[in-house]
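The data below hold one chain only, encoded as structure tokens and taken in the form predicted alone.
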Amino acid sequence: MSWAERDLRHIWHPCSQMKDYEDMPPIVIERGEGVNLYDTEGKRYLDVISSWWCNLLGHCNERIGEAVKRQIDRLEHVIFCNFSHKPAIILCEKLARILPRGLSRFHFTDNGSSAVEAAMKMSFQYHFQTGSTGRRRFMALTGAYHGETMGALSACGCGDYSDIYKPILTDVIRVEGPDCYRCKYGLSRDSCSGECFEAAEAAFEKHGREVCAFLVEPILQGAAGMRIYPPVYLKKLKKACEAYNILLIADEIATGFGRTGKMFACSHAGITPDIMCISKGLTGGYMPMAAVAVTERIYDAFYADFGEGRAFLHSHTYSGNPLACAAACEVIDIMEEDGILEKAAEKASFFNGLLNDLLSGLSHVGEIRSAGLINAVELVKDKKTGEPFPKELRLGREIYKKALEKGVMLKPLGDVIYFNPPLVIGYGDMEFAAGVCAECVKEITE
């Protein structure tokens, strides 16, 4: 019996219709090296999606691996209530230095969804403890993705994930989000003034006094199809939140640690959110870990004598895990010492130019958009109108299958083919990935 057959006897894979595995069995990976993965037969796959966006500095990075090995011989885990350890302390000092100015307190969870959940609870409790007891609702954009625990899922605007659960989800106020490719104002993301923010303005005016927090993916809405919007929208959102005393929760789980060209996406707009959620690249893909960063103002609302009942009673068994903290510390050190962001910026310009040269002229490529090394190729039925292909054709999946045959992991979001590679990807690998993408798009769509 093959490894794939043994897998399918027991494993229920995430984000999958398991029946699809009948014609596309799971690929069993034996090892990783840099930007490459190798299956049990020795075939190479170029991992241009960073294994769900978390692998920041390459698979089996020697420095991160050694940091974890050193830590595992000292302390593997300790309860984080009334106890602490050096890696967590050092990590928080490093994060306070690189995060947007003012985010200085950190609450650890063990995954991105849990970080969003904690942030939502914090925002409600903050208002409750500062006298705004009527603020019990949340706002989020259409197309938003914030995780799959119950509160986080409520904030999601991607129906495929949340529609079936609506009867048991919190009623979140949904604001029409920016879709720059199909801009109703006929403007460009590079030169507009965020005219589409008027939808948010109307929502603030109607609901602003009942809302405790607005959740947003800064600059890039990932699960919505890698939608990229201009910093001016984020600036307007921050200003509106301040005017209505609504906390701004920046979900930087996918966008943090250099993914969009800056260390954090909020920096494109020069804003500091009230609360920021980070994960994925935090540990370079080595260990499950997330953190909620808050300002002193938020923290102070919970600081009181025990009898006042103001503590944030939210915990995870593996909060502040020493192994994950050691990995995260090494990630930050590597990024700073090796000039990773500066090198990635040069690669980003090259990669986007390469993709435009190879793909922009194809008859079913509607838009190629980019932020840092993230690039998204949106396939459409009609290039002039932006009309999408029928969903049931699953063209993105067909391209994905074809690309795997050629050795590139191009897992799509619907009919959006995207690249979100490790920041250490080389120029030759970018050329190979772009070439395979162009070949597969031509073969499937034309």
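Residue numbers here begin at 1 and follow the sequence given. A quick note: this is a predicted structure, and the numbers were derived from the prediction, not measured.
What comes next is about the form predicted in complex with a small molecule, which is not displayed.
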Task: Close approach of residue 145 to the small molecule in the predicted complex, 4.5 Å, heavy atom - done: yes
Task: Close approach of residue 324 to the small molecule in the predicted complex, 4.5 Å, heavy atom - done: no
TODO: Using the partner position in the predicted complex, report whether residue 213 sits within 4.5 Å of the small molecule, counting heavy atoms only.
DONE: no
- [ ] Please check if residue 320 has a heavy atom lying within 4.5 Å of any heavy atom of the small molecule in the predicted complex.
- [x] no
Task: Listed residue that, although the small molecule is not shown, lies within 4.5 Å of it in the predicted complex (heavy atoms), from 253, 200, 88, 153 - done: 253
- [ ] Consider the chain as shown here, without its partner, and state which of 274, 330, 217, 117 has a heavy atom within 4.5 Å of the small molecule in the predicted complex.
- [x] 217
TODO: Could you tell me which of 361-369, 145-153, 191-199, 294-302 sits within 4.5 Å of the small molecule in the predicted complex, going by non-hydrogen atoms?
DONE: 145-153
